[in-house]
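Only one chain is given next, in structure tokens, and it is the form predicted on its own.
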Amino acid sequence: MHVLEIKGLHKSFGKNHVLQGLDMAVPSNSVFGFVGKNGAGKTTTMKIIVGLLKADRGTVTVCGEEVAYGHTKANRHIGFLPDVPEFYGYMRPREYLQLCGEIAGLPPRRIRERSEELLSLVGLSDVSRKISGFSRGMKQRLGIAQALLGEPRLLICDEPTSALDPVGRKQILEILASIKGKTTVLFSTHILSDVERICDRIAVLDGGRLVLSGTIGEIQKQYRSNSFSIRFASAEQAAEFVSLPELGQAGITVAQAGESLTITLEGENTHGQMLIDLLSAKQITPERFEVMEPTLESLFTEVVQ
């Protein structure tokens, strides 16, 4: 089942066409990476999802309910963490969650129980000082707690790690990864290493259109190059292998760096079996033989203009 479905979404600001027929679906109980360079249309899309912007045309449904600009019932299924969450600095964490729970109409007992659960989840259960004294990372973690207070089916996070130090980023990523069994996470970012770390699926937005989507494994398989890395015991052994006449044929490119070789095959036998057969025939046992998977960064550079 898809928690979020977007079909034919268009949005322009004057002559600036930010979204141009966006189609996207987010499966339940996943961490979905929504990737694109700054200005790609990620934030515009998320504002439309929560009813803060009106689409020019197209539809957005959350848990089967269509989103309507300004007064959408679909928001009862959504928790939202903006890139820079704002708080009442004079409040303490429990006071702030108490206020948010009351505004949302939650029963008092449920507010207390849920607040304790969430403060424990985000590592703030022992923090009693005012929010004005919080670090950026602590505010992000409190923002996640607030966004999860109503037990949403979909949590939307807009660049939640972009301004954090490595420790803060690690904490946020671990929290997001830990909740996917109960809440689907739409994780907007341009930090590709964060996506590779926690996301089940990704969608790359460029020029208002989806240019790449699927699981990271599916995408790597689709764009996999026919390159192989072979590490030998010594540079001399690597050079001996390079000198074999079989590697001098057309369609084979070899690059040596010390005891390691990078071999790219074109045409027939691009799956690398010929290299394995050649090593076996020459009775050479390498220390390592692996297919060189494309990185998310290289894929992003390839598909984004």
Partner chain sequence: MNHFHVFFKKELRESVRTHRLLIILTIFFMFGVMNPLTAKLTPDLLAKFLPEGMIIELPVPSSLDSWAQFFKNVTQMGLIVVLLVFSGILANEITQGTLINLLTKGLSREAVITAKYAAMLALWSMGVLVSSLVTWGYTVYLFPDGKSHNLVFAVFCLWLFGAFLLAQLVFSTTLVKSSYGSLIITGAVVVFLNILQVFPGVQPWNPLVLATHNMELIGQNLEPSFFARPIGLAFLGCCLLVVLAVVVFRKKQI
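Numbering follows the first chain given and starts at 1. Since the model is a prediction, treat every value here as computed from it, not as a measurement.
One more form of this protein, predicted in complex with the partner chain, exists but is not displayed; see below.
Out of the listed residues 210, 99, 235, 163, 99 is the one that sits within 4.5 Å of the partner chain in the model of the complex by at least one heavy atom. Using a 4.5 angstroms threshold between heavy atoms, residue 54 counts as touching the partner chain in the model of the complex.
Using a 4.5 angstroms limit between non-hydrogen atoms, residue 104 touches the partner chain in the model of the complex. At a distance threshold of 4.5 angstroms between non-hydrogen atoms, residue 95 is in contact with the partner chain in the model of the complex. Contact between residue 146 and the partner chain in the model of the complex is found at the 4.5 Å heavy atom cutoff. Note that among 193-201, 67-75, 114-122, 164-172, the stretch whose heavy atoms approach the partner chain to within 4.5 Å in the model of the complex is 67-75. Contacts to the partner chain in the model of the complex (heavy atom within 4.5 Å) from stretch 1-34: 11 only.
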